[in-house]
Structure formats: C-alpha cells, structure tokens
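This document opens with one chain alone, in structure tokens, the form predicted on its own.
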Amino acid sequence: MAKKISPMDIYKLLPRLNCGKCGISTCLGFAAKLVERTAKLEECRPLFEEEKYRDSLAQLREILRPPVIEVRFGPPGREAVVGGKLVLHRHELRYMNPTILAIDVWDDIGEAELESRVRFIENFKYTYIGRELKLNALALRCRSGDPSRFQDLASKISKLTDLPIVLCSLDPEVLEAALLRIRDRRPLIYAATEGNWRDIAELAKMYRCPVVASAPGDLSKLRGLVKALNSEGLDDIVLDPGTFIGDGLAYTVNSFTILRWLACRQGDRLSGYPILAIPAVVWVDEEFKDKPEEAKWMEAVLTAMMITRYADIVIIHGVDVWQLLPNLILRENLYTDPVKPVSVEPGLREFGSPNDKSPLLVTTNFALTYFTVASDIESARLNCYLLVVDTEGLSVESSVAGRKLTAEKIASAMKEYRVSEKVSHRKIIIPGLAARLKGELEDLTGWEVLVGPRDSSDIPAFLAKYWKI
C-alpha cells in the first residue's frame, strides 16, 4: 500500500529556517502546502541554493514524486502535460492535468483535406462557463509504410500548426524519418513494443522524446516493457494497455483501472505512468467498417468511457461537433476541483450601455449561475447592472439555504461596489429563489427590493412588466 505523506514527513527535510522566501511564514505551513500540492518545491529557495541541503532535496523529490509521473511533449510554450495524478478518486484531492484529446491525420491524406482538418482542429473552441474548451494535439499516423511520405507529413504539419504531436508507427525507420524533421517539437513516440523496444529506446534517447510503451492485452508484458525502458535510462513513458471494443471492452476498462489502482494504491512504479487510449480503433473494426454514423457514435461513447477511466491521452478520428463537445465538457467537469466550486470574481458588472436609471439585479458568483444569467441578459440586449455577490461559488438556492447569500452580504456588496453611485433610483432586484431575503434587505438598506423571476430567462419579461422609473 502506498504510504500517505504527512506534513511532518516533509517538514523534517526542509531547512526549517522560517525565512518566508516561499511566500509562507513557516516551513511547517509550506510543508502542508506541498502535501496539498498547492505549492512547488522550487519555491523553497534555500533548498536549491545551498549545497548542504542537496541530500534533503533528493529525498524530498522522491517523497513528493506523484504516483503517476508527469510527462510533457510538444514545443516550448505549447507543451502538452499528461499524468501527474495523485489520487485514484477525484474527491480525495483532485485530478491534475486534464486528458489530452489528440485528433489523427495520416500520411496518404490529400493536401486540401489535410489543411482543412488541421485548421479545424487548431481553431476549434467552445466557451463553457467562462472557460475555453479546445482540442490539444495531433496524432500523425503512417498508413503508407513509406518513411519519406511520413516525413513529408511531419514537415507539412510543422508549417501548419504548433500543436503537440504524437508520431504513430511501429517502424523505427519511419519514426526516425519524421523525427529528423520535427525533433525540436519534441513529439511523443508511439510506440515501443516487445519486438522493437531497443530501437525505439535509442530513438527516444537520441531525440530526447517521451515514448509510449505498448503491449495490448497483456499488463504483465506491459510492465516488463516499462522495466526494460527504465533500464535504458528512460522515464518519460506513457502506457498503452490496448483499447478494444466488443468482447474486449471489459478488458479495456479493467486494465486502465488496474494500472491506476496499482500506481495510486500500491505505489507500483512500473504502473505509475500516464495512460493512452485509442478510441479511433472503432473505425477499423469489422463491425463498424462500413457504418460511419455508428462508428462516430461508438467512438464518442468509448472516448467518454476512457476519460472517466483514467486515460491521460485519447486519440480519436471523428471530428463532428456532436462527438467532440460532450467529451470536452465531460473532461472539464471531471478535472475541476470537487472541493472548490467553479466561481467567478464578485463585483458589479455592466451589460449594454446602462445609465443611472437602469435596473440593478443580483446573482451569485457560482460560474454556471453567473454565465446563465449573463447569457440571458446579453441575448435580450438589456442595459442593466448585475451585482455578483461572493457566495463561495454556490448557486442561489444552495447559498440561501447555506447562509452564504444573506441580506447582510448583499448589503455589504452594495456598499463595497458603490452601486449607489451608479444608479439614481433606489431599487434592487433579487433572484426569485432568494425571495425570503426581501424584508431584511429593505430594512438594512432602505432600498425597495423587487423579487425577480426564479429563472433568468424570464428577466426580460419581468423588467418589461415591473421596472418603472
């Protein structure tokens, strides 16, 4: 069983100077932050600046090594970071480094289709509760078996985009041809297998690139392959236990789960690496070969399953928006901090071109609530003010029930953000779900409090009927 780290384990190895150079007043406080993974070891300057702490630094690095190590690939400034996982279940702490969604391109693709596909992948984005969701990488597949064609594809891709790249071939000659052209992009090499691992290990060392260890269908063989790569001095490794559908789907789900359980619960170093899934295998399966719509659906479902079953990278083929968007949103929700609700900064927002007679509305700083209200206001092209109250990221109903949204908090926010300087009237509209706060807020502020609709989509109709100045 992997030993749980305590702040005292860390504190004993810190300089214990309480110098505050890390931004925290005591070394014990810094140790607690390191355990929570909210501080970085590099922030303790004496550890890195003074030779006498060299042994302690080495021990701390070993203790703080995550159960699943972090692997990086891609060009400087746009690196893809995978792994770095600390826990098996997200409620234990949180998941680090969201799953990378890599879209495939192939070396016998037409010039126009290649440019169109890369442009779509590069420009695809969707704003979800204030965050931009994007695709993250390209997987270059060698379908021709021709090193020169694969090399040409790598060259073309390097001119079209600076997205991180996964090079996909089991032929070392093919991989090296591409590496010669894009070594500065530090691609992820796919893949080292039982039959080629020595040659692939040499490539990984020569070009200083991370490598995928692949042993589909055999976890014991996969761990042995990792051990062999470790013996060659390689530690930037990604695991491919195989992605199967049909009768093999249960194995796929189980193997991903077992690998992550071995790493996080048993402290198994040979399993403690990021995991790669390839939902794109659906497209070459006999069952779906001539059924593109069914293949798209199955690939989308398999992608969702792999994201929830610890995949750190998924390689997919379909690029229909209905396939991509649900999985991007799933990933975003899975990788938020379950202890800390997604929130926005409190404050007074202006919509349209409000004046001193414009309506003043109230909402909470829960991101989903705020962006829903903001979207409804913008869609109706209203000119108004919106007072966003700090409720520690809770929705209206939850914050009223939990005393995070109270008359006192609204009154305090009104004073802090000087709403009386923005409007000449003395009217404020609270959410319908916060109706119970009306009387107390009127007593505290002397303002007239209107109880607005329960659903923000009804705000335009409410204002048209009740806002009279």
Partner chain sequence: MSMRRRDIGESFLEWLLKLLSESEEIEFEDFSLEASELQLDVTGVTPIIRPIMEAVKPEARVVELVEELPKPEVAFTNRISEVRIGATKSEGGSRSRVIVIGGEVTMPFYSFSAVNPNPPVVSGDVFDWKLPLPKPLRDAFGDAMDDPAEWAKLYVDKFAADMVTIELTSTDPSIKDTPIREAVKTVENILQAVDSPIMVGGSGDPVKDVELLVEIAATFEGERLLLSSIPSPEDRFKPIAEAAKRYGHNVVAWASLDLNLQRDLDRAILQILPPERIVIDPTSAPLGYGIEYAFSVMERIRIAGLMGDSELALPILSGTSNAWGAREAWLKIPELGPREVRGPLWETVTALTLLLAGCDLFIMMHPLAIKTVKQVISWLYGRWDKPVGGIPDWLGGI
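Residue numbers count along the first chain shown, from 1. Please read all numbers here as calculations on a predicted model, not as lab measurements.
We do not show the form predicted in complex with its partner chain, though everything after this point is about it.
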Check: Given that the partner is absent here, does residue 336 sit within 4.5 Å of its partner chain in the predicted bound form, heavy atoms only?
Finding: yes
Next item on the list: Would you please decide whether residue 172 lies within 4.5 angstroms of its partner chain in the predicted bound form, comparing each non-hydrogen atom pair?
Entry: yes
Item checked: is_contact(residue 99, its partner chain) in the predicted bound form, heavy atom dist at most 4.5 Å -> no
Notebook entry, point to check: Heavy atom to heavy atom, is residue 113 within 4.5 Å of its partner chain in the predicted bound form?
Noted result: no
Item checked: Partner-contacting position among 230, 158, 383, 372 - heavy atom within 4.5 Å of its partner chain in the predicted bound form -> 372
Note to self: Please tell me which of 135, 163, 225, 81 lies within 4.5 Å of its partner chain in the predicted bound form, judged by heavy atoms.
What the structure shows: 225
Check: Picking from 383 to 391, 69 to 77, 353 to 361, 125 to 133, which part of the chain touches its partner chain in the predicted bound form when contact means heavy atoms within 4.5 Å?
Finding: 125 to 133
Margin query: Where, within 263 to 289, is there a heavy atom within 4.5 Å of its partner chain in the predicted bound form? Residue list please.
Written below: 266, 268, 270, 278, 280, 281, 283, 284, 287, 288
